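A single chain, nothing else alongside it, follows as structure tokens in the form predicted alone.
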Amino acid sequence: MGINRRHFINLTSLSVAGFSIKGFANNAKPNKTNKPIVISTWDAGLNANKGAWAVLSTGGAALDAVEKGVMVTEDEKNCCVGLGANPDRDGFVTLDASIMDHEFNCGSVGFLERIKHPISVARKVMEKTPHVMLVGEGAQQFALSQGFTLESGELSDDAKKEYLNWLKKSTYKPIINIERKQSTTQLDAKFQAPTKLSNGEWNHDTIGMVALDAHGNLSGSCTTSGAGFKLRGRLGDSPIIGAGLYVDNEVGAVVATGQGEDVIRVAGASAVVEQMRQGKSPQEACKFVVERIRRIKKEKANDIQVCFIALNKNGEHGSYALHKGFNYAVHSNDGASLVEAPFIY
């Protein structure tokens, strides 16, 4: 697949079950919404944003909003984020999460097992310890000391089915856009993308969220089960501050999704923030870093997906993806919408 720098056509918003689907040109002006506002990755973000909006719409803090929002996704029983997710190749579900507020306070957990809400553990790390990251058994022990409950280590029915199917070949290959869910709402056919492959495999599973509250403060969160059937012990970008998530209250907030290893290579989220600091719009900043990853990966960029969403201090939001198929959810006083991200390929 070669590089295709298409010009994009502005798409008319489609009214679908209370929200709209939007597209925009590569050179379009930034989307701007008066605060408060929350944006999150993938169409799963539509539900997650409802949890965040319940906080933001009543004057609550962005930090509380981004925690409550992604908890909605962690609660869902599926093969994506949370304890219902697909396991590593040894058959264990391991979870990663990070959170960051408007004052550079941040916390994260990695390789966390049997705890339902890793995002809330990450917040406890931020607020109750002198550290930024706890991992593995230590993260679990800390969670229990903070009142979290040790859940069953059994795989969900869906995850068990997927894992047994994966064991037939035991191969691992990153799959583009598998986070994107088949919505129960009837979306326009050209925006449809399956949640899983024809052979039943799943892969990268992440939700990232950033919000600007009525007080003008930014915060962000990211939670994931990581790449399905990954090597045991693998960490991606999601729990790494500056890679999967970064917030600078003077500039903006950014989260990433996709192939975490390649987000880490360029300190992706912080790199996008720095481009906004230099005056780029959120979309332009995301595009700059995605194009850098494409140059680094060369022909290997054909086989991976990397996406960023960004929200600046003025309430402008934008996104960019390496490949077609990424979208992000927006919720503000204007309502809820799903935005198709521009892309290189």
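Keep in mind that what you see is a predicted model, and the values were worked out from it rather than measured. All residue numbers refer to positions in the sequence shown, first residue = 1.
We do not show the form predicted in complex with a small molecule, though everything after this point is about it.
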Exercise. Go through Gly252, Gly258, Gly220, Gly268 and name the one with a heavy atom inside 4.5 Å of the small molecule in the predicted complex.
Key: Gly258
Quiz item: If you check Arg114, His102, Arg234, Lys124 against the small molecule in the predicted complex, which one has a heavy atom within 4.5 Å?
Solution: Arg234
Quiz item: Within 4.5 Å of the small molecule in the predicted complex, do we find a heavy atom from each of Ala48, Glu67 and Thr73?
Solution: no
Quiz item: Picking from 222-230, 115-123, 270-278, 139-147, which part of the chain touches the small molecule in the predicted complex when contact means heavy atoms within 4.5 Å?
Solution: 222-230
Quiz prompt | in the predicted complex, Trp42 touching the small molecule (heavy atom, 4.5 Å) | solution = yes
Practice problem: Decide whether Asp205 counts as a contact residue for the small molecule in the predicted complex under a heavy atom distance cut-off of 4.5 Å. | Solution: yes
Quiz item: Is Ser238 a contact residue for the small molecule in the predicted complex, using a 4.5 Å heavy atom cut-off?
Solution: yes
